[in-house]
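Heads up, the chain below is alone and in the form predicted on its own; it's given as structure tokens.
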């Protein structure tokens, strides 16, 4: 089964290092049957266009401004990203929610801005350990879905990938089981059905991102309830990431 495999390099590697990464991945991914996306830092997007353009590997940004243009020093707009050939953007990542205090209202605006500029959105949702232990995980994620997709038309959902990213399973030594993943994916699809339609829920692309490694990826990605994975740290080693993207699921 074809899967969507996304690499989030976060704030790692230098532009000079990314050149070799991109060239290696473009070569090794040629025979992959999966859809592959790499989201490097903003500074790498010119190199991504040069070395990934025309290859099987798509690329995107890790964030955008909620504003189109203007006096917003240090910000990067959706149209700037699009002009560099990027087709995806990660929004709502736990790093942005936690460290930079981005709330669902802001994320919702960013989603609308991205879609208006022709970018596909990788929307991250997920609960903390505290929320999970309070037995509020499902309600928490449902509210994130509702708030983040507020005002989005059903036909626009084709441009949204939902990544379930359990914060409690990232860098904590704790692992989400396939049962945990399937249960939350079911919650996400049910909420999409409630807010949009059964057809939208069925067509929705829902992936998983939570401490995926070269050692556990087969077990996770073989889960038929998910359409792919969002990989952080394990994607930094291009050789390991290439093994993952070439897997015939």
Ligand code: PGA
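What you are looking at is a predicted structure, and each value in this text was computed from that prediction instead of being measured. Positions refer to the first chain, counted from 1.
The same protein also has a form predicted together with the named molecule, omitted here; what follows describes it.
Visitor: With the partner left out of view, is residue 171 within 4.5 angstroms of the named molecule in the predicted complex by any non-hydrogen atom?
Guide: Within the cut-off, so yes.
Visitor: With a cut-off of 4.5 Å between heavy atoms, is residue 93 one of the residues that contacts the named molecule in the predicted complex?
Guide: Residue 93: yes, in contact with the named molecule in the predicted complex.
Visitor: Although the partner isn't part of this model, could you tell me whether residue 165 comes within 4.5 Å of the named molecule in the predicted complex, counting any heavy atom of the residue?
Guide: Although the named molecule is absent here, residue 165 would touch it in the predicted complex, with heavy atoms inside 4.5 Å.
Visitor: State yes or no: in the predicted complex, is some non-hydrogen atom of residue 212 no more than 4.5 angstroms from a non-hydrogen atom of the named molecule?
Guide: Residue 212 belongs to the contact set for the named molecule.
Visitor: From first to last in sequence, which residues of 1-21 have any non-hydrogen atom within 4.5 angstroms of the named molecule in the predicted complex?
Guide: Contacting residues: 8, 10.
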